[in-house]
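Next up is one chain by itself, shown in structure tokens, the form predicted on its own.
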């Protein structure tokens, strides 16, 4: 290490202190307090500082009786993972091909910017307004049902368009596809076009180029976008509540209900378990790339 590098290394490390302080203040401390509160006791009137495991025992009560059906906790976690997995798959499919179109079929940067702005238009309003806007379309007497009846495709309104798993998945994909488009597009735009041209010259088809060149080189963007979508959907309870008609279960809804009833230790225990599952999913995804190099 030269004298110049020895002189500048400490100064660069000092520059990281404000970011470390923000991370510690707004992430580490709240997480540490959540873990502590998850071991506290509570009753109908107060929260009692203690060191107990009943909050976790209560969550998994009856879950390890193999001769019985799945307990409510496992069913709720499976429901949350189901919504997360299906939303992830659909946002990946839609986001990848939207990014593919923008990166390889739109040749000019101004048009790319315009199309990106069109993609961000839904984000100009709140999530609740975007979800509520689906109700006049998907309702029993909504535009879609009325149109299908008018065209003679159906005889009676379709009930499962709204307040069902279909409407929840549709709203989640609508809300979070952009989180997948941006990192994938960022990876695609960095691909050297001469590689693709050389593959065309060598006789490769468009599908071969897509599967052997573009997808492998877009793996960082796919993983980063997947992390964004998974982390948001795992904790989402507003979308599932509104679009599911308060009839579908998720861990986020349970945590929200426990907090509304001031059952904070129980909510903290569920939050710790949900965080643990989400971290496992993220660690599994990051095994495919070195995310530090990409960020």
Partner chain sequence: MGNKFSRRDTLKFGLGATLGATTALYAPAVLSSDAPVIRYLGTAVNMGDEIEKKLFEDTGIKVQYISKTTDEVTKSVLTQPNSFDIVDSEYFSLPKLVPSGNILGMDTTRIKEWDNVTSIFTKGMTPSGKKVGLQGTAPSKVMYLTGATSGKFADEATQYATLIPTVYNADTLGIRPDLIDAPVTSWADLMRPEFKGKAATLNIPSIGIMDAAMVVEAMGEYTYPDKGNMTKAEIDLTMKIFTEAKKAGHFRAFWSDFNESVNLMASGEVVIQSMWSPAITAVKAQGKPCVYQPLKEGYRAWAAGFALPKTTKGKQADVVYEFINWYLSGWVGAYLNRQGYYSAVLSTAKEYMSENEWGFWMEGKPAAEDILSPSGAKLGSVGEVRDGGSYEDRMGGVACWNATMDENKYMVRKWNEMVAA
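Model, not experiment: these values are computed from the prediction. Between two forms, the rigid core is defined as the largest C-alpha subset superposing within 1.5 Å. Residue numbers count along the first chain shown, from 1.
Omitted here: the form predicted in complex with its partner chain. The next part is about that form.
A.B. asks: Within 4.5 Å, heavy atoms only: does residue 177 come near its partner chain in the predicted bound form?
C.D. replies: Residue-level check for residue 177: no, no contact with its partner chain.
A.B. asks: Considering non-hydrogen atoms and a 4.5 Å limit, does its partner chain approach residue 53 in the predicted bound form?
C.D. replies: The answer is no: residue 53 has no heavy atom within 4.5 Å of its partner chain.
A.B. asks: May I ask you to state whether residue 231 is within 4.5 Å of its partner chain in the predicted bound form, using heavy atom distances?
C.D. replies: No, no contact at 4.5 Å.
A.B. asks: Can you tell me whether residue 81 touches its partner chain? I mean in the predicted bound form, with a 4.5 angstroms heavy atom cut-off.
C.D. replies: It does not: once its partner chain is placed as it appears in the predicted bound form, residue 81 has no heavy atom within 4.5 Å of it.
A.B. asks: Heavy atoms within 4.5 Å of its partner chain in the predicted bound form: which stretch in 201 to 209, 137 to 145, 106 to 114, 218 to 226 meets that?
C.D. replies: Partner-contacting stretch among the options: 137 to 145.
A.B. asks: Report the residue, out of 182, 72, 188, 86, that has at least one non-hydrogen atom within 4.5 angstroms of its partner chain in the predicted bound form.
C.D. replies: Checking each option against its partner chain in the predicted bound form, the one that comes within 4.5 Å is 72.
A.B. asks: May I ask you to choose, among 172, 214, 102, 162, the residue with a heavy atom within 4.5 Å of its partner chain in the predicted bound form?
C.D. replies: Contact check passes for 162.
A.B. asks: Even though the chain is shown alone, can you say which residues of 19 to 52 have a heavy atom within 4.5 Å of its partner chain in the predicted bound form?
C.D. replies: The stretch touches the partner through 42, 44, 45.
A.B. asks: If we fit on the core, is the Cα of residue 46 displaced 2 Å or more between this form and the one not shown?
C.D. replies: Yes, its C-alpha moves 2 Å or more.
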